[in-house]
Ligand code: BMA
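Let's start with one chain on its own, the form predicted on its own, as structure tokens.
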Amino acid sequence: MKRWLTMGIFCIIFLLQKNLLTAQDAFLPCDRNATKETIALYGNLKKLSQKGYLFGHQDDLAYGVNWRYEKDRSDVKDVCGDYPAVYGWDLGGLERTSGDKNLDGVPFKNMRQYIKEGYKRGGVITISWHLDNPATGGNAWDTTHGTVASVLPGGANHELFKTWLDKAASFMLSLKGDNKELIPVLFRPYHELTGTWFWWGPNNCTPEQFKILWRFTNYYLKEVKKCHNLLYVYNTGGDFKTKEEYLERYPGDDVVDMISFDTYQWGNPSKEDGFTKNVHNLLNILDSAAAETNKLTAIAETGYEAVPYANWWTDVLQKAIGTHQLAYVLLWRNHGYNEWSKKMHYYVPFKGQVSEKNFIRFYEADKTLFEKDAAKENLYHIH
């Protein structure tokens, strides 16, 4: 039976390559040469979203509150006995000359090993990239005008930019499982693309320039560097009001696999429910956009810094998501004490934290899927 299913998939891929079938017809990745594991993950995420959403956490295996680089450690696992189903990582810093650690201090050699461990247990990997400003040498938050134009084909920094993409490709192609297969990655470049705080934001480039930036990145990684283990995640801030606004910079169905947004809790949930209402409205728009584009959906970043509200997980986040079908929801990192802000910076509970018990209730809910749930689904195999 598996043999016939596998043959069927390869027939679909053949038809796609001959332009006799569209990716939307078969619900396949936009990369027509995607690896079989990447194809399987994409289809399985679609089916799994009908059951529930995968829970993710940024930098989960590297560090947590009051610890760093302890083997098999995870704040999530310490609390609920299970790892997150999605592991978030970031390539920021890879483009630099030194390039041995990312912008949060995680050595890339460690990150590579953590990715392999999470994948081997059945988890899903997503990677963002806070890449430096190629026009100035500043960081991702350097919003010097004209940077995007300078990295597009024909621009003054285009050749430099390609060397940065070369480094990203080398890292993606170094991610391999025990059988030397490439590990699939949900790649989220130019994240929060509607925000004004990064050099690729709307204050620094037109919608058309952004689309060219995205499409060139997609082309270069797929066609030039042969990275066929990537699923491309279009990601905005949580500041859109309509579907048209959300899709204004959308680069095309042929270069996107998933659509998403980032949003965080800022108000006090014990006094107002603005976050819950806003997320619900954003998800309604996302659902509409997904129906039009036939893409997976996700909340790619969210959280409430230091989670001071004891029942935030079930009374706020769970209610905000409601019955919406998402591939995953990812919480931001557990840095611990932040010297710059002089306060604690973390987004999931640790042992003894005020929301610990409520997080366990959240974990036990039917629609929240952690790593043990993901492992049962064999996400990298065609069913």
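Keep in mind that this is a model prediction, so the values were computed, not measured. Position 1 is the first residue in the sequence shown; the rest follow in order.
Unshown form predicted together with beta-D-mannopyranose; subsequent notes refer to it.
At a distance of at most 4.5 angstroms from beta-D-mannopyranose in the predicted bound form, all three residues D104, H130 and H345 contribute at least one non-hydrogen atom. Residues placing heavy atoms within 4.5 Å of beta-D-mannopyranose in the predicted bound form fall in a single listed stretch, namely 328-336, out of 46-54, 350-358, 27-35, 328-336. By the criterion of a heavy atom within 4.5 Å, Y219 is excluded from the residues contacting beta-D-mannopyranose in the predicted bound form. Within 4.5 Å of any heavy atom of beta-D-mannopyranose in the predicted bound form lies no heavy atom of W197. Mapping the unseen interface onto this chain, W141 counts among the residues with a heavy atom inside 4.5 Å of beta-D-mannopyranose in the predicted bound form.
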